[in-house]
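Coming up is one lone chain in C-alpha cells, specifically the form predicted on its own.
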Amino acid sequence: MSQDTVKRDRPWLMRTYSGHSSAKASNELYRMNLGKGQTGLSVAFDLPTQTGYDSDHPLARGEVGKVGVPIDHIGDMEALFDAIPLDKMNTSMTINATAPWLLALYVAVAERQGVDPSALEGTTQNDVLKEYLSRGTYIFPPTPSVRLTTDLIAYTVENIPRWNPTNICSYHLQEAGATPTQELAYALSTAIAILDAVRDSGQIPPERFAAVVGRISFFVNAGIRFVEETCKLRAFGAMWEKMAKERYGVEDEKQRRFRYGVQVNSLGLTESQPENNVQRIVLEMLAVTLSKNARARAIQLPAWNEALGLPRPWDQQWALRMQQVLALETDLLEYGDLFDGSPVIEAKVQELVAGAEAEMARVAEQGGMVQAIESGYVKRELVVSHTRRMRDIESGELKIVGVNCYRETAESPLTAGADAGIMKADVQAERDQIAALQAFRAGRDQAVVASALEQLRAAAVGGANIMPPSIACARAGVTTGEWSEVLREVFGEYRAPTGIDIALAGQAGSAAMDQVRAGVRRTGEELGRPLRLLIGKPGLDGHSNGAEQIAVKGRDAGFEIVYEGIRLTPSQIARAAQEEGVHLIGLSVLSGSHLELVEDIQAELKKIGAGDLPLIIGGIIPDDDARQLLAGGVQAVFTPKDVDMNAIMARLVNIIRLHNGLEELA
C-alpha cells in the first residue's frame, strides 16, 4: 500500500491560547492564526473579566488587557469575533466564575450574526472548584458557584447541545503541585461534585441525564515525564468509563468516552536557557498523542518564552507548527494504539488508578470535593506536594537542565533582539478600553439595563436558571461588572484557605538552611524581636503558588509570616504591614501589573508613614521592568530563574539587616 492510500486518523483540534490588549487587537491575532492553519480558538480573558470587574474598577488598575482580552459588554464580544462566523468555529473560553456571563455574551453575539445558538460549538472551562485551589479567579462561595456551573450545564444541554458546558481542569491542579495521582483524584472528585449537583437540581429529566455526562470534557496537563503522563491519561479514560457506567448508568459507549483537551505544562518552562523549553513542549505533546486510545481531542501548546513574558505572534506560530509537523509529517496517525498489551504501561496505569481511588475515598469521607475544599484539606495536600517538588529542585534530586544543572550557556540569539524575545502589552490599551467603556455606558437605554438586572437578581434569589436572564442582560448592554455585582450582593464573596498551615519536616540536614536559620535568629536577637515578613498578593492575580512556597519556606527559616491570601488592595497590604509590625514586605505578581501595583503600594505606605519599609517583589518581570523597579526603591526583584530558596531567604535577612544599620552577613 502506498503512503498516499494509507488511512490516517483525523488530527486533533489545534489551538493557541491567546488574547491581549483589546478585543480589536485580539481579533486581528485570531484571524492571523486561523489563516496559518489553526483549527479552533482558545480565548484568554484578562483578570478583571475573569473576576467580574469592569475595566474602570479600582481593582482593575494595571490588569486590563495584560493576561488576556478585556470584555466589558456585548460590543467588546462582537469586536472580538468580528468577521469570524460563529457557526463555523469551535471556540474554547478559559473562564470560570463569570462563565455564564461570557457564554451569554457569546450567544448574544451569535444572534447578532444571524446564527442559531443551537449550532454553536465550543467549550466554557467553567470548573470553578479548582479556582479555590490554584488560579484564584473565584468570586462567590463554593456552593453558589456550583449552582452557577449547574445552571450553565443544564441550559446548554437543552439549548446548545454541541457545546461542552464545563471543562473539568486537572491542568491547574498540576500547576499547583499535584502529583499524577492527585490530579486524577481531585479532577474526578470535582466531576462527581458537579454531576451530582446537576442531577440533584432536577433541571434535567433522568432519561436525559446521560446527555449531561456525554458533554462533560476535561482540560488536562502533561508534564515532562511523558511515559508517566501517557499512563495517567490512560488511567483517566478507564476511571471515567467506569464512573459513567457504574455511578451514572450511562449505557451509550460514546457518551462514556473520556474527552479532553490539553495544554502541556507551563509550570516546567524555565526563564533560564528558555530555548530548552522547545524540546520540553514537544516531548510533553507526545504524552497526549502517542496513545491513540487516550489521545487528546484538542491541543494548545504554550510558547517557548512564556516564562519570560507575553509571546509574540511568531512565537505562537512556532507552537502551532509543532502540532502541524507531528500530525501531518509523521506517521503517528496511521497506526492503532502503540501501548496496548504493554505490561510496563498496564502496571503503571493500575498503580495510578489504585492511588487515585484511595485519595478519592479520602475526599468522599469529608463529604465530597466542595467540603474538602472548604476545610482546606485539598489545598494543604497540594501545598505539601509543591513544597516537596521545590525542595527536590533545591537539593538537586530533581534536575532541571539550565536551572540547577548544566547552567553554563552561550548567549541566546532568541532573546538578544530589541524586544528581548517577548511582546509587551500596549500601555495605552487600558486607557482606551476605559474610555470606550464609559462611552458605551453613556449610550445605553438605562431603563432597559435596570430591568434586565432586576430579572437577573430575581433569578439568583429565586433559584431559577441564571442563563436566560444573563442572555437578556447581554442583549440589553449590561456590563461584566454590573452582572457580577448583582450576584455578589445575592451570594456574597469568599476567601479560600491558603494551605500554608502544613506540617512538613524542615531541612535539618541542609548546611545552607542551617546558616539561614542562624542568620534569622541572630538578626531577631539584635533587633529585639523575631523577624516578621509580610507576603502580599496585590491585584487580581490569583496564581499563589510562589507566594505560598515563600511563606512556607520563610516560616521554616524562622521568620514569623503574615500571609492573608490573594487579591489584596494596596491599602490593605500597607495597613497590614503597619499593624503587624513587619520588617519587610514581599510581593508576588505574575500578571504583568507589577509596575502599577508597586507604585500604588509605595504611595499607600507613604500615606501611613511607613514609606521606608523594605519592599521586594517576585514574578514574571522583564529585565527592563526590573531595572525600573530597583531604581524606584524596590530592594530586590526575583523571577522564575531564582530557584534557590535558601539563597532568597539569606538575601531577605541581609536586606533587613542593612535597612536597620546592621552589617551584612556572609
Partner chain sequence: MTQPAPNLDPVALAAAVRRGERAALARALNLLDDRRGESRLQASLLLKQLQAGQAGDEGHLIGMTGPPGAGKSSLTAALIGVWRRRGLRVGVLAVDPSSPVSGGALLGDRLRMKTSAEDDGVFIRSLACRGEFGGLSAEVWPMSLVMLAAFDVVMIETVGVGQREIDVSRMCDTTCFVAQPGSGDSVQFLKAGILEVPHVLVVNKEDMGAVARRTLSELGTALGRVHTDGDWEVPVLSASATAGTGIEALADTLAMHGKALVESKRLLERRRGYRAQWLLKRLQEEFGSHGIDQLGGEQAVLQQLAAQDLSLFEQHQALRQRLLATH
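Please read all numbers here as calculations on a predicted model, not as lab measurements. Numbering follows the first chain given and starts at 1.
Below: the form predicted in complex with its partner chain, not depicted.
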Can you pick the one in Leu173, Ala319, Ala557, Ala244 that has a heavy atom within 4.5 Å of its partner chain in the predicted bound form?
-> Ala557
Which of these residues, Val562, Ala452, Ala459, Ile192, gets a heavy atom within 4.5 Å of its partner chain in the predicted bound form?
-> Val562
If we take heavy atoms and a 4.5 Å cut-off, which stretch out of 429 to 437, 565 to 573, 283 to 291, 103 to 111 is in contact with its partner chain in the predicted bound form?
-> 565 to 573
Non-hydrogen atoms within 4.5 angstroms of its partner chain in the predicted bound form: do Arg8, Gly35 and Pro85 all have one?
-> no
Quick one: is Leu527 in contact with its partner chain in the predicted bound form, heavy atoms, 4.5 Å cut-off?
-> yes
Indicate whether its partner chain has at least one heavy atom within 4.5 Å of a heavy atom of Asp501 in the predicted bound form.
-> yes
is_contact(Glu397, its partner chain) in the predicted bound form, heavy atom dist at most 4.5 Å = no
Looking at the partner-bound form in the predicted bound form, is Arg208 within 4.5 Å of its partner chain by any heavy atom?
-> no
In sequence order, which positions of 639 to 665 have a non-hydrogen atom within 4.5 Å of its partner chain in the predicted bound form?
-> Asn660, Gly661, Leu662, Glu663
